[in-house]
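This document starts with one chain, in the form predicted on its own, laid out as structure tokens.
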């Protein structure tokens, strides 16, 4: 019985393989170029740049595995050349696969075994887990990532040299990686333009975060006028008659010194990263306030803040704030401030000295605020400056103050009504 003759090898690669080839080529060039400028990026862009670098790396890993699966399952053009030429082509191609798989894999290991566990959200949307590996894997992964990264331009140079060789020979090899309707000249021009664009974007392009999964808009911390406008109390003349009242003779009107916080109140903070301000708010907090202007020694405030409610407008950064290196909300869920006995600094301006409990540390804190009171409604605006390191906020590499200064400003606007 005659055997079925084997099908002839196709003239070019499968369309999906061609698409993945050029997509991966652009991503690899972009990723390498972006990596060159990571250290030069400053401010809030630095955090975004590393998140983008991680997202592109995982994308390259997943697409490379898909490309490898296609190579092993789909028919492909016959291998070209003989002897050393054929062996060199095979070595270069498999070296590319090694870099495309193991470079992002080593980066994933680095992130997973770092002292500071920064969560990864692919393009700000898809949570990506850490590998369950011990810290001992970190340094070998760093070395592997460095070697593989710097091997990439050498392989690209060899690949370009091989393509140039085939173009000069005018053989069919370059055309195998273009669609059938595309001429080799048009394909080469388009490929060069595509790689040039990705290189330019990686080296100096913007770092947009339009795809980021952001928290709801965070209001800017209030700018505190100094001083706030307040009504100047009229000083009665010594000879003036008492103002008539509607109360019966001998009756006393009891005025409550308790106040209820109203919607529209805000508690915010401002830190700096790489010289750029980062503004945030706490979405969940409450306060009990006792205040009468004629009884300041008995005035008091007791506030409780849910630290996990901190929002800076970036979901990744907010998750980092909740981690063990900063607020460590798993162990210290709340911050508390309490003060009793206020001091009048000038009409409408007060100071309160109390204690802040944060991250398991108690420290004295003094706040200064202005107060506008109209009848049973009042608005207080104030601020203070805290030392984050005094409360142990920012450990490991975040304990350094070159990128994140020690001082953090806290601002508040409290709108309240007098309790009945």
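Numbering follows the first chain given and starts at 1. The shown structure was predicted, so the numbers you read here are calculated from the model rather than taken from an experiment.
What comes next is about the form predicted together with ligand HEM, which is not displayed.
Listed stretches are 98 to 106, 318 to 326, 338 to 346, 270 to 278; the contact stretch with ligand HEM in the predicted complex is 98 to 106, by a heavy atom cutoff of 4.5 Å. When contacts are defined as a non-hydrogen atom within 4.5 Å, all of 13, 76 and 149 contact ligand HEM in the predicted complex. For the options 25, 399, 407, 19, the residue carrying a heavy atom within 4.5 angstroms of ligand HEM in the predicted complex is 25.
This chain is displayed alone, yet in the predicted complex one of 158, 203, 142, 333 has a heavy atom within 4.5 Å of ligand HEM; that residue is 142.
Residue contact check for residue 177: one or more of its heavy atoms lie within 4.5 Å of ligand HEM in the predicted complex. Shown alone here, residue 67 lies within 4.5 Å of ligand HEM in the predicted complex, counting heavy atoms only. When ligand HEM is considered in the predicted complex, residue 354 lies well away from it, no heavy atom lying within 4.5 Å.
For residue 111, a non-hydrogen atom is located within 4.5 Å of ligand HEM in the predicted complex, even though that partner is not displayed.
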